[in-house]
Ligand code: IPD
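Presented below, as structure tokens, is a lone chain in the form predicted on its own.
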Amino acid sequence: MTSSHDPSPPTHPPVADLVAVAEQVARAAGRLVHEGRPQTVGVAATKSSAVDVVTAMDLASEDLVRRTLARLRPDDAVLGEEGGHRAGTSGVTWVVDPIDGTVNYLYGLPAYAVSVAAVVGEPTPATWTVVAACVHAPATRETWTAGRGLGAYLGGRRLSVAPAPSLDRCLLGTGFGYVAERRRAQARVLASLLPRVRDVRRMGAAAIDLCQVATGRLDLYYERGLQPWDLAAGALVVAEAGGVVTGLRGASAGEGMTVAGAAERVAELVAILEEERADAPEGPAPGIG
């Protein structure tokens, strides 16, 4: 199961046009966050916990994205991490993460990106069809784009997910939540996986992790807790590169779990994650609370 579902309605604009808009918007926001980064980045707010932060630049970046989309595509809806949902009339919704990898950005680490995707249908991973995407990482000057039926690209190079090696030779990417109970549960799952794979990487930006799968820099990726703006663009990049993006127990990729990679290894990893109950409700560890 990939990030796309039923064929796109015939009324939406040409996919190539939407890809061009996604890239234009993502690059503009990337210039803002990269060139405008102060020497010391302050925390403007927090979300799920005290370590789940929002910077002033997250807010400024999303504001720029929304203003640019209002000029280029005034009838479209927008769903952004910081500003929520703005309704539209065209049937197209832009799903935006103004800085994916905010903690990396806060610390001056280069693994952060602007993620912009156009979807049709209800803007939730279980029901949408992602038709265009751009993930732009300004610090590394890398830009991934994808259009439904048009392929996935890093710059001008078309991407193709290679057959994965055996699981014990796979480089696995993952990420962690910001709430203590979830981290405990994720640590348990990771401890089970670590002896079964080549190694594990945690880069801190889901959109980039997904693009690294499409590029061949990771063999597999899994993460629990991704929101629509975390996965919309990157999942299309993987799918258009010939990879698979799915959840557990027959569900679509989403908050419950996202698993990405070559089909045969995704199936193997999904089976392990299901066996480990990686999507089970979290609670306090025994003897705590």
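This is a predicted model, so every value here is computed, not measured. Note that residue numbering begins at 1 and tracks the sequence as displayed.
The same protein also exists as the form predicted in complex with ligand IPD; that form is not shown, yet it is the one meant from here on.
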item: Close approach of D230 to ligand IPD in the predicted complex, 4.5 Å, heavy atom; value: yes
item: Exercise: R202 in contact with ligand IPD in the predicted complex, heavy atom 4.5 Å; value: yes
item: Contact flag, T102 vs ligand IPD in the predicted complex, heavy atom cut 4.5 Å; value: yes
item: Any non-hydrogen atom of L226 within 4.5 angstroms of ligand IPD in the predicted complex; value: yes
item: Residue among A206, A214, V114, V130 with a heavy atom within 4.5 Å of ligand IPD in the predicted complex; value: A206
item: In the predicted complex, segment of 193-201, 169-177, 130-138, 144-152 with a heavy atom within 4.5 Å of ligand IPD; value: 169-177
item: Sequence-ordered list of residues in 58-86 near ligand IPD in the predicted complex, where near means a heavy atom within 4.5 Å; value: E81
